[in-house]
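A lone chain, given as structure tokens: the form predicted alone.
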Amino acid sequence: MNFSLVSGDASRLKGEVLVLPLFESDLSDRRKAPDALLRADRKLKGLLVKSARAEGFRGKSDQLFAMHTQGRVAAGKVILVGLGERAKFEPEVLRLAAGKAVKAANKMRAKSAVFWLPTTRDFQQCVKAAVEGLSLGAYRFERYRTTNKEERAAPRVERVQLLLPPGQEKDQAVQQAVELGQRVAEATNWARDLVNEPAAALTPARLAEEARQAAEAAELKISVGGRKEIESLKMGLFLGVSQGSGQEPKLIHLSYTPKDPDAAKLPPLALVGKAITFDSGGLSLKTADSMVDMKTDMAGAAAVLGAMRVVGALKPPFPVHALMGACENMPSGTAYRPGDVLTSRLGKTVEVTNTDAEGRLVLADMLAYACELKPSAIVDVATLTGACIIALGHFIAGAFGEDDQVVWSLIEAARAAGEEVWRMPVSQLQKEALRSEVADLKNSGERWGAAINAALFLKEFVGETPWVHLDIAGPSQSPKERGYLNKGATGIGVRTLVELIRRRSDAVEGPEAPEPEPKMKPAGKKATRAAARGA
């Protein structure tokens, strides 16, 4: 999708569709109505607003109204999309509205659109949100469809003119917001492709090849190791999970290093992604229904890889590493068994009580390896527990960690990026659930507090390194169409990680500015520390 910034009269700009995002007050009080709406309405002899009201359109969020212009406006059709109350507006509202509008435009088989940008606070963030919403909303995964060829070949929106409101200059910062929005959306859609791919197509070797191509495009370094390299690193947990599959496991390591020698010596940020390309549950076999979507168990790795595609363009003033242990969890005569004791890279032994709690085993070896890079912080992203879905549903990710500064910096980055994240406890009261009679700990505890138990297990392998565990089991897939989302993979995590890196870059390069107070007060033994600083 190509974007350009324009100014002028919305009713005179040529495009097959004119999209006008509107607040509730824009329709309830004509004195507050934007010039773009008033001009279009005058050209249509007052029928635009009158017809919209007659159809029940009030500018509420998630509302949409479309109308043919009969040649009275330069665009063939006008789409009004609701933003809700102005007082409650956030860029994510515009992102969702843009996604909904582009889906409607595609159904109209439009190839070009004019998208009016409303006057809002944080205008550059809103420009970025609009670009992301339009690009994400246009996404469809149809690689394996052979029917409805006419529908699949139908025109889609390819060109968008972003119409600046009066008083907003077409400056370099706005153009940069457009470019960043495009990069982030493209990376997110790429991650969605990976997650939507069938497991037979996206094997560990294929994921490693996708990572290699992404690294080459972003000018990053990459190393990919096989079973022998994993054995030499003494990653017994990773090897245990992978041994039941005929697919060779892959250890994937991408790295970005600044060209400035002084910046290259700074402690890196480490990203770790869960990369189970298919999870049958192993010998603790899942039910058929539970196994259907397990091709998506590498969504954490997809998010990390998507973020690394953008890191090459952001060029942060500190190194960034991404680590993934890619394998399948399969039942076979060589599969690891309940009751087995595995030895991690860190030397800790783990009793396997449930082979379906495999993600934390692979992540544990990856986290221990990441700690050896002496990072300033580690963020792991994983579709780790069904318990987190029970707690937070399908649209909210859970964040676990004891370092308030790092946890809240991630949560604030997620909020700015429009991805919902809620802080969850890492309580030592649950630690007893991981106690083993034959090893240092076991990989699965009791049912109650299962998401906390998983986080506590991971914590055993990070030592004193500041660390955040992001459980995306729920929001990695959308159960329905919503705004810019389709049913299926969402690419969650890409936007949050990019925003986190961008904020940390600003903190390193410039004077440290105070962050806004978080909406939720920090919990835990370090609650007196600053809530959400980007460094």
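Remember, it's a predicted structure, so these values are computed and weren't measured experimentally. All residue numbers are counted from 1 along the displayed sequence.
There is another form of this protein, the form predicted in complex with a small molecule, and it is not shown here; the text below is about that form.
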Worksheet item: Okay, which stretch from 256-264, 202-210, 293-301, 221-229 lines the small molecule in the predicted complex, with non-hydrogen atoms inside 4.5 Å?
Response: 293-301
Practice prompt. May I ask you to check whether Met108 falls inside a 4.5 Å heavy atom distance of the small molecule in the predicted complex?
Written response: no
Practice prompt. Classify Leu384 as contacting or not contacting the small molecule in the predicted complex by the rule of any non-hydrogen atom within 4.5 angstroms, answering yes or no.
Written response: yes
Discussion item. Check Leu269 for me: does it contact the small molecule in the predicted complex (non-hydrogen atoms, 4.5 angstroms)?
Written reply: no
Discussion item. Quick check on Ala489: any heavy atom within 4.5 Å of the small molecule in the predicted complex?
Written reply: no
Worksheet, complete the sentence: The one option of Glu132, Glu358, Asp380, Glu419 with any heavy atom within 4.5 Å of the small molecule in the predicted complex is Glu358
Item to complete: Would you kindly say which of Thr119, Asn354, Gln247, Ser427 lies with a heavy atom within 4.5 Å of the small molecule in the predicted complex?
Response: Asn354
